[in-house]
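Heads up, the chain below is alone and in the form predicted alone; it's given as structure tokens.
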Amino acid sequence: MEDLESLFQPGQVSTREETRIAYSRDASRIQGECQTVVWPDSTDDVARLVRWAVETGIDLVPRGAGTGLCGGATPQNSVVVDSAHLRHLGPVDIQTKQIVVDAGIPLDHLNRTLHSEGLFLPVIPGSHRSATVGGMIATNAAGLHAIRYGRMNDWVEEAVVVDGKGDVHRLSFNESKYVVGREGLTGMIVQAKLRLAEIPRNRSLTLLRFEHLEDMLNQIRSLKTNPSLSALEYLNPQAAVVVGWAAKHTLLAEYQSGDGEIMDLVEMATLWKTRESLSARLTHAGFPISEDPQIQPETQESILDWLTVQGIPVFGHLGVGILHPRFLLADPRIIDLYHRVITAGGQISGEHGMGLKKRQWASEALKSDIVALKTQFDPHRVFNRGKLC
């Protein structure tokens, strides 16, 4: 590690025990082992670090805010590469509605900066206060407004990536598929040109409650025909009780129009704040494990019914089929859920990624895809070794 420290300025590398312990896992609670932490200041720093990794045989684990829930940023006797120093924000191009940003920029910081221009990046995951642009690209984040705005792959116009050979690639919108949603397996994202959306001028919200799941799903089919629908969030009865609401199947439907029943901005903000507090409340209530299956509309009823009967609290972005059931530690029903989702033709990971937690559940098609990408971009297996392939 002395050789590594000689490549960087003081303060860019730490081998201190407390630092290595802090970086030995992400929010997944999966414990790993960190050899050292590096904070690159530039693309050149990352490229130099990769060349060192190739020579020494030590693998690198890119890390944003560490909010991942599947161990994607958990090191396995690795060097962790923290993007926190990659914080440059370029000027906003008002004409094209685009901006160039470094990978370490947190989403909320970016959107506060853009607010005066009437623009924002509309992909809003639950971890938006701290989630970084690089991490969101790596997991192809979805979030609260996915029903209208899609995912990160829809908003990355260009990505600058350092691959596992130390080469720098400037990937176009069509080429970004090599890094978007690849969980850092093909290289480290250092910068991106992002598309932006106009902040909606008109918003409204409706809070809907249902005794019966079938009635709610029928109503959803009608709600989704409204072109101004911008969010459709679900809480099952067990989750609704946790935030002090009635024990019913509950929907929050937001519109970029006056079609909702609630127009008052303060009241809407209060409802959204309550919804966003749910994850922390469920953890406090003893349900710390969050899953993220994505389920097709035709099979949602059976899985949602099973979760509710089991007493498992669930919330999520039902407009795009992504659910977040919450479980006890080491709950055997998690494996039962995976089997049910796979049998129903769904995906066991809708937006959290596979990481270490779900790698044994990766399909042969996904593994084959990753192996081909590793051969092209990371033949020395420098990045995130041991994850998926």
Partner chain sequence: MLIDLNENPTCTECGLCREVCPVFQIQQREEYSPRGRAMLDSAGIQTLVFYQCTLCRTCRIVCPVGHDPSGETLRSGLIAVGEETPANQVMIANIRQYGNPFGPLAEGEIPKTLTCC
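Computed from a predicted model, the values in this text were never measured in an experiment. Numbering follows the first chain given and starts at 1.
Keep in mind that the form predicted together with the partner chain is not shown, yet the notes after this line are about it.
Using a 4.5 angstroms threshold between heavy atoms, Arg25 counts as touching the partner chain in the predicted bound form. Put simply, Trp39 is close to the partner chain in the predicted bound form: some heavy atom of it is within 4.5 Å.
Contact check for Ile289: a non-hydrogen atom falls within 4.5 Å of the partner chain in the predicted bound form. A residue is said to contact a partner when one of its heavy atoms sits within 4.5 Å of a partner heavy atom; Arg16 meets this definition for the partner chain in the predicted bound form. Using a 4.5 Å cut-off to the partner chain in the predicted bound form, each of Thr67, Ser277 and Gln360 places a heavy atom inside that distance.
Across the options 139-147, 125-133, 264-272, 231-239, residues that bring heavy atoms within 4.5 Å of the partner chain in the predicted bound form belong to 125-133. When the partner chain is considered in the predicted bound form, only one residue from Gln296, Gln219, Thr283, Thr96 comes within 4.5 Å through any heavy atom, namely Thr283. Of the residues given (Asp82, Asp163, Glu254, Asp102), Asp82 alone sits with a heavy atom within 4.5 Å of the partner chain in the predicted bound form.
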